[in-house]
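In structure tokens, one chain follows: the form predicted on its own.
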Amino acid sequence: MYSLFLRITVLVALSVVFAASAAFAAGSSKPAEVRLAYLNGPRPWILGKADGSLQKALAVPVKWVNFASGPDALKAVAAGEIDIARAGSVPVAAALARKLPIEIIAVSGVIDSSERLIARKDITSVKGLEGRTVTYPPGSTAHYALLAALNVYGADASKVKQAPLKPADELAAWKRGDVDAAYVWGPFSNQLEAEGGHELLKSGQLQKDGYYLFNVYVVSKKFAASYPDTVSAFLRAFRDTVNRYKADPDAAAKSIAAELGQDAAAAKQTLAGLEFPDLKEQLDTKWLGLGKSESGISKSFADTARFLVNLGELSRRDLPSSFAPFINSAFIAAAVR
């Protein structure tokens, strides 16, 4: 029954694409280059960087630009310096509420153990963070997960000294003994363990309490309107890298780690801590849906935005009535056509 529903959903999505074919035809030219924002986290699409296959698929030069965090990458997209970026659900929710000119084109990965809370050996529970110093990348999914964990496990956030730092600075602070715990993604979480830390929590454990964390691909609205075929080609290339990773995780992890200058075992562990929903599957309302009505992802963005309001990171008047209009599934539908 589910597979039949999924086929019907895809067919409906394809009809949306065909109805919009004039718009795609109008923007069918190729850009001079495609500028991609990536973080240091091991992800399948880095395979396309390592062997040049993503550039070959797009048939234009690709410029890969490294950023320390999702918020930094999103600012670059808004400034017209980046065309497509991978970023976490938390900074994207904030960016959309602040009306940055971007739209969501796909889920790139669902976070389970790829982001973790690492603590000193004498801290054995989340509540044990009270009276201690905890660091995290500000405005990130790890930041959201930390605050969610404090709430879920009954720790008094006012008794936890919070130190916002970029991932590399988190590791440096840990080595200096300035912090007692750090919430961050791999490979930094693995490095913290190697420096005497232990896993206190992984983000996937928060799902049972309604906190979902994931990464998405976003595109500049201007770029998407001008080069829709290129955006769809990018998604096909991304799908191919995911398939290559699933076919041989060990070889993929080695290649990705080598490209990023990281340990292969740590990269493999990080990759194993992510779920990669298939593009066709993402057309289901469980994920992106068709972008016209509420879906699992649009509702999750709304929950995240309300959470940010409670933190004082966003104003309630900034919240849109729905995040569904910021999702453009036409590019996925075209990619799987």
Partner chain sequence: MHPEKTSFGKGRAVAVSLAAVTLFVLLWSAGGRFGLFNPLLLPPPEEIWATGREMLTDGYRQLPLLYHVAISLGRVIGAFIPAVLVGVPLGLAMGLFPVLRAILDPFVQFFRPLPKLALIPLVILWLGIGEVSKVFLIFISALLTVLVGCAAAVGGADRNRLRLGRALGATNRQLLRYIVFPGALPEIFTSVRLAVGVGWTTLIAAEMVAADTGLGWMVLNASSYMRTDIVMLGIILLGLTGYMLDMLIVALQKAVVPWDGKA
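Residue numbers count along the first chain shown, from 1. What you see is a predicted model, and the numbers here were worked out from it, not measured in a lab.
Keep in mind that the form predicted in complex with its partner chain is not shown, yet the notes after this line are about it.
Per the 4.5 Å heavy atom criterion, its partner chain in the model of the complex is contacted by stretch 178 to 186, the sole one of 178 to 186, 226 to 234, 262 to 270, 151 to 159.
In the model of the complex, its partner chain sits within 4.5 Å of a heavy atom belonging to L308. At least one heavy atom of L314 is located within 4.5 Å of its partner chain in the model of the complex. Put simply, A94 is close to its partner chain in the model of the complex: some heavy atom of it is within 4.5 Å. At least one heavy atom of P164 is located within 4.5 Å of its partner chain in the model of the complex. Annotation: in the model of the complex, residues G48, R86 and I111 none come within 4.5 Å of its partner chain through any heavy atom. Between its partner chain and the residues A78, L200, L206, V242, the one pair within 4.5 Å by heavy atoms in the model of the complex involves A78.
Listed residues K222, K127, K246, R98 were compared with its partner chain in the model of the complex; R98 is the one with a heavy atom within 4.5 Å. Residues P71, L74, K75 of 55 to 76 are found to place at least one heavy atom within 4.5 Å of its partner chain in the model of the complex.
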